[in-house]
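Heads up, the chain below is alone and in the form predicted alone; it's given as structure tokens.
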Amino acid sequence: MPPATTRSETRLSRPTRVAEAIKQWVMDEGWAPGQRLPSEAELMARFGMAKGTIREAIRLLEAQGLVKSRTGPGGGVFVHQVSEERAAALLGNYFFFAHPTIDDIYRLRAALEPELAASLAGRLSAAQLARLDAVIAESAPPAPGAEDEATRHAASLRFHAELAAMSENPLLRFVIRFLAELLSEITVARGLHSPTDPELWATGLAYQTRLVEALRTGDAEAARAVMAAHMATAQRLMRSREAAVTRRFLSDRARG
């Protein structure tokens, strides 16, 4: 018997309703990634829908990355786990048109990253600490040109993505990594990375070095304080760069 539908669900198309019902079914049954969905005929019988509706529902789920179809021997439709990279890419498509500001991003970073740092103090392995040291080293040499500066700036932000990846909290890990990647893309797209800013480079390097030391010694309060100061300083400097680029753009338009 097909599951009952609510009034709000009846406003959705049939394929969308079936896709949502399949998602709920998968969660209720506790199916893991890699498990095969029932056959098309079984789905038609369960949901009381025609073949075309079932196929369209599966296409919707594939577009969302929640199932994956395989052909040939052993083929079928399988539960699929959406990767962090794909989820971030889809969310990034939304912000492609939303145009978040530097302040928008740093308000969230300032709230989340100090707590992340405190939670990791004294919990990281020697290999993880070495990885953070290596990322700092990538951003350490002064950048001679705009292209090199973009690479250096990306490495500086990658430090925060790497740190977030070490968290056991999947939601915190995803949000912080996404914000770091979004800021990296915005910085380059809006030309905020060039020309080289010695103050931004030096303060960022100093804060990250102090942070790793606090993480290594297990000082949670120091880690929280260093990260909070890092976020406040970076926000101030990036805000001034954003304002400078805007002024330069308006000046160029006025001359044009």
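In this text the structure is predicted, and so the values were computed from the model without any measurement. A residue's number is simply how far along the shown sequence it sits, counting from 1. In this text, the rigid core denotes the largest set of C-alpha atoms whose superposition between the two forms falls within 1.5 Å.
Just so you know, the form predicted together with the DNA exists too; it's not on screen, but the next bit is about it.
Three residues, M166, R216 and Q235; all within 4.5 Å of the DNA in the predicted complex via heavy atoms?
No, none of M166, R216 and Q235 comes within 4.5 Å of the DNA in the predicted complex.
Exactly one of P100, G92, G122, G76 has a non-hydrogen atom within 4.5 Å of the DNA in the predicted complex; which residue is it?
In short, G76.
Sort through A206, A189, A63, A50 and report the residue having a heavy atom within 4.5 Å of the DNA in the predicted complex.
In short, A50.
Using a 4.5 angstroms cut-off on non-hydrogen atoms, would Q24 count as touching the DNA in the predicted complex?
Close contact is absent here: in the predicted complex, Q24 is far from the DNA, nothing within 4.5 Å, heavy atoms only.
Could you tell me if S39 has a non-hydrogen atom within 4.5 Å of the DNA in the predicted complex?
Contact check for S39: yes, within 4.5 Å of the DNA in the predicted complex.
Does the 4.5 Å heavy atom contact test between R241 and the DNA in the predicted complex come out positive?
No, no contact at 4.5 Å.
Partner contact for G72 in the predicted complex: the DNA, 4.5 angstroms, heavy atom
G72 belongs to the contact set for the DNA.
Name the stretch, out of 27 to 35, 206 to 214, 40 to 48, 227 to 235, where some heavy atom lies within 4.5 Å of the DNA in the predicted complex.
So the stretch in question is 40 to 48.
What residues of 12 to 33, in sequence order, lie within 4.5 Å of the DNA in the predicted complex by heavy atom?
The stretch touches the partner through S13, R14, P15.
Per-residue C-alpha change between the shown form and the other one, E40, threshold 2 Å, rigid core fit:
True for E40: a C-alpha shift of 2 Å or more.
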